[in-house]
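Single chain ahead, written as structure tokens, the form predicted on its own.
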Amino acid sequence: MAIEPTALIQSILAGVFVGAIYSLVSAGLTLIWGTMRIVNFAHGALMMLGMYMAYWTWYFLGLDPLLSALVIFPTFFALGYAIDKFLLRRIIQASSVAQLLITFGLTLFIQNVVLYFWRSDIRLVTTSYSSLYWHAGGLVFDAPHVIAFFAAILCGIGLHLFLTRSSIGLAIRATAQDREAAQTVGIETKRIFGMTFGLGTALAAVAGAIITSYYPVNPDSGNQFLFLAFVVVVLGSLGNYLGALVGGLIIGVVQSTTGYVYLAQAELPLAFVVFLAILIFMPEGLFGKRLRR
């Protein structure tokens, strides 16, 4: 198969666009792990809930998904905080198996509630820019992907500034690095856990809202993103949110170029191969340490 340079560049750009979404989802997942030591299997389901909220605010209020993200973020932050306070806080000292079962059970609960109320129908959001395209240098840029990319980048920058410049962000990083030392200097780690889970949940929900302008909404929408988020988290080093932001872009490009050079059906299997290879040959990921100062 002859590879056209323009088509290859187009596929790489497509990978960068979707990779920014992977980065945002994965940053929330790795932040929760790095701070709380909990693998959150409900992350994809919470992302899916964010997609449904974006859909319904568009359907009933005509609100653009990007604008609905401004409402979704505080709503899901509160939801995540409540999940930690009333559910996870009770098993924070339990075995990893118990924690996995709790978050997996939460996933099943969310998915079945959504199926009960809204069935498995596929729902689509149509915005004023849904069919808008730009052409430049032989490349085609569709507005929904480009806008979602820049929105995800802004969220990633905001997350970095929050974690490095705010007192709460620094407390989260301190708790992630050494929980006992953080408690010694007066940091309320239980409160930090709640804020961390709330932040991770809000990031997943906002990522879901951002992509509803081009991605169909249904009860299984978050599953694929959850699997890829785990790949990104391992690639970027467990607990390293900066690694997750970079790793998401890498996985997005690997996926898109694989789909172009080979077949679209090979994208997910290759991601799984990458996941296994990293676990075997680079168990600490590309960026080594969990969190950077």
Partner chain sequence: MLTRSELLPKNVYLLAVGLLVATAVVPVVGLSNLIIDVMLDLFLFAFVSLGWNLLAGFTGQINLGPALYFGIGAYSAGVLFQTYRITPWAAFVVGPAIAAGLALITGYPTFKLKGDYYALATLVISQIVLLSFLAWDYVGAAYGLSYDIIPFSWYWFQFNTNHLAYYYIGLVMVLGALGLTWRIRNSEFGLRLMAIRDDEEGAKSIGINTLRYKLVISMISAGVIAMGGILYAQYTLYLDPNSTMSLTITADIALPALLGGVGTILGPLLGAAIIQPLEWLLRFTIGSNLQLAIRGAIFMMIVLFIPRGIMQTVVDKYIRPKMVKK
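Values in this document were obtained by computation on a predicted structure and should not be read as measured data. Positions refer to the first chain, counted from 1.
What comes next is about the form predicted together with its partner chain, which is not displayed.
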Quiz item: Wondering, does residue 165 line up within 4.5 Å of its partner chain in the predicted complex on heavy atoms?
Solution: no
Practice problem: State yes or no: in the predicted complex, is some non-hydrogen atom of residue 55 no more than 4.5 angstroms from a non-hydrogen atom of its partner chain? | Solution: no
Quiz item: Is residue 98 close to its partner chain in the predicted complex, meaning a heavy atom pair under 4.5 Å apart or at it?
Solution: yes
Quiz prompt | residue 39, heavy atom within 4.5 angstroms of its partner chain in the predicted complex | solution = yes
Practice problem: Could you tell me which stretch in 157-165, 104-112, 136-144, 205-213 has residues with non-hydrogen atoms within 4.5 Å of its partner chain in the predicted complex? | Solution: 104-112
Quiz item: Is it the case that 9, 151 and 173 all touch its partner chain in the predicted complex, with a non-hydrogen atom of each within 4.5 angstroms?
Solution: no
Quiz item: Within 4.5 Å of its partner chain in the predicted complex, heavy atoms considered, which of 87, 182, 79, 71?
Solution: 87
Exercise. Select from the listed residues 67, 253, 268, 242 the one whose heavy atoms reach within 4.5 Å of its partner chain in the predicted complex.
Key: 268
Practice problem: Residue by residue through 53-68, tell me which have a non-hydrogen atom within 4.5 angstroms of its partner chain in the predicted complex. | Solution: none
